[in-house]
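Next up: a single chain in structure tokens, the form predicted alone.
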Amino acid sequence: MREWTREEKYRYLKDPQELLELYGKISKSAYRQTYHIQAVTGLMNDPNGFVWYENQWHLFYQWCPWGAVHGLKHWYHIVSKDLVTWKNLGVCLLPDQNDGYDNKGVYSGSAMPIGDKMYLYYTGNHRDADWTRKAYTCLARLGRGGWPEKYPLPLFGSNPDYTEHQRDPKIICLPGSDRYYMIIGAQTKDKRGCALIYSSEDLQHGWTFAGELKVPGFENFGDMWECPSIERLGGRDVLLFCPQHLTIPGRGGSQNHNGYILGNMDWETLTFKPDGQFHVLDFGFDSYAAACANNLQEPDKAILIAWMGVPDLSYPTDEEDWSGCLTLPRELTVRKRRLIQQPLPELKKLRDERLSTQADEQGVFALPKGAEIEVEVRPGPFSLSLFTKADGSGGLTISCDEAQKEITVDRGRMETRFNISEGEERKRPLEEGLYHLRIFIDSSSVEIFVNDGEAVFTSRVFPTAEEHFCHVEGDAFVRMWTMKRAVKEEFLI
């Protein structure tokens, strides 16, 4: 594994041509995705600023151009008319090259359109000469010309009553209210995760600290909360956040999680009253920093997209100087006391050729590089192994214990194993057993939607040239389609 110096990680990008050779090398990788958003070079992580503006969807993501390293972060900008096919617009927010408030990184945040302008809220990562960190909540304005104008001063600095870990502002506009709120992930001085609330009557000015978000029963839940958000769905409030550095039953050795709590938010007292426990948002191995579109005008649902990765972990493409992609956008609704995640209906437009799933005598059929697979599972023993060898051995296995009504995803039999200390198996109870799977595979990922969104398993996978087969055991009806390319692969900085 390459060791990066501080100077290499925090090198400023002065000319796009500096990345041309790196792009040429990366574009030859066998693991470049065909219909998932991925970085043009280097590392991508959190999705930012997800919003509808000027008749199209805008999405930004954290981008470190030099390689698979969490160094100097930028916001890279992409747009879509339908949340299926995407167009790269290039880098939008760059760190200040002098001693500005974001001199060591434009960190995560959100966006809000008002009139013909879009406002971008982000964490400015500042480092002094002695490398002391200071966090600032900064603002930029994006006009119709597409180029941002940074405000000369931050909206506010870090709160001195908390540690320097204060980041990821999510702007919230309540229907019928004349106030805006901003929720920020933070850490108390005794190392407990929390969220801070700021408020203002003006998007651009007058932001004041309103207080710490109170969540009864979750006062000691991880040592840092990242990417917090409060969404209103079907008459319920949902607190989405990423608690760090704690273990959760059924999550193996994983220390960083993305999840949610259903409840009711009282904005007068800044209290989120939970109606139940913390639920994992995605039961797979690689999903974090989920973000919901900020101005969706439909009260019963939200649209979510997440980073297909986890902090503090490495991936096989790190050796190729790139890492990271985003999940497919998902439609969120509330059913009973859980969030339901389903693929957007528009994703069916990516279906190309219907392929045969007629298995040989060993129950094996070939897999293309990118595909959508739909499986209707009938009662009885069942397992489906993706990315197997030609004889059906190995692969990532999805199986169901009918007696226990529990689904298991195990990627431990693939040739390329990674992040083994996190555990190679994930489980999820199913109230009604397993009856349906909708699976999206790409060159280096798999997203498994169970029982019409009852559960989702998202994972990175890196199959070898021999691991492009599928093995089915049990009574099931399988359909499969190849997928069209959704993001044009081009060198655009």
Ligand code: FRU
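The shown structure was predicted, so the numbers you read here are calculated from the model rather than taken from an experiment. Note that residue numbering follows the sequence shown and begins at 1.
Another form, the form predicted in complex with the named molecule, is not on view; read the next lines as being about it.
Asker: Only one of W207, F272, Y121, Y107 gets a heavy atom within 4.5 Å of the named molecule in the predicted complex. Which one?
Answerer: The residue from W207, F272, Y121, Y107 that makes the contact is Y107.
Asker: Which listed residue (S443, N45, N451, S459) meets the criterion of a heavy atom within 4.5 Å of the named molecule in the predicted complex?
Answerer: Contact residue from the list: N45.
Asker: Heavy atom to heavy atom, is F221 within 4.5 Å of the named molecule in the predicted complex?
Answerer: F221: no, not in contact with the named molecule in the predicted complex.
Asker: Please determine whether E226 contacts the named molecule in the predicted complex, using a 4.5 Å cut-off between heavy atoms.
Answerer: Answer yes; at least one heavy atom of E226 falls within 4.5 Å of the named molecule in the predicted complex.
Asker: I'd like to know whether F382 contacts the named molecule in the predicted complex, with contact meaning heavy atoms within 4.5 angstroms.
Answerer: No - in the predicted complex, heavy atoms of F382 and the named molecule never come within 4.5 Å of each other.
Asker: In the predicted complex, does W307 come within 4.5 Å of the named molecule, counting heavy atoms only?
Answerer: Answer yes; at least one heavy atom of W307 falls within 4.5 Å of the named molecule in the predicted complex.
Asker: Report whether all of F283, R411 and R438 sit within 4.5 Å of the named molecule in the predicted complex, measuring from non-hydrogen atoms.
Answerer: No, the candidate spot makes no contact with the named molecule.
Asker: Choose one stretch from 26-34, 459-467, 45-53, 427-435: the one whose residues place a heavy atom within 4.5 angstroms of the named molecule in the predicted complex.
Answerer: Correct option: 45-53.
Asker: Is any part of 48-71 within 4.5 angstroms of the named molecule in the predicted complex by a non-hydrogen atom, and which residues would that be?
Answerer: Residue within 4.5 Å: Q62 only.
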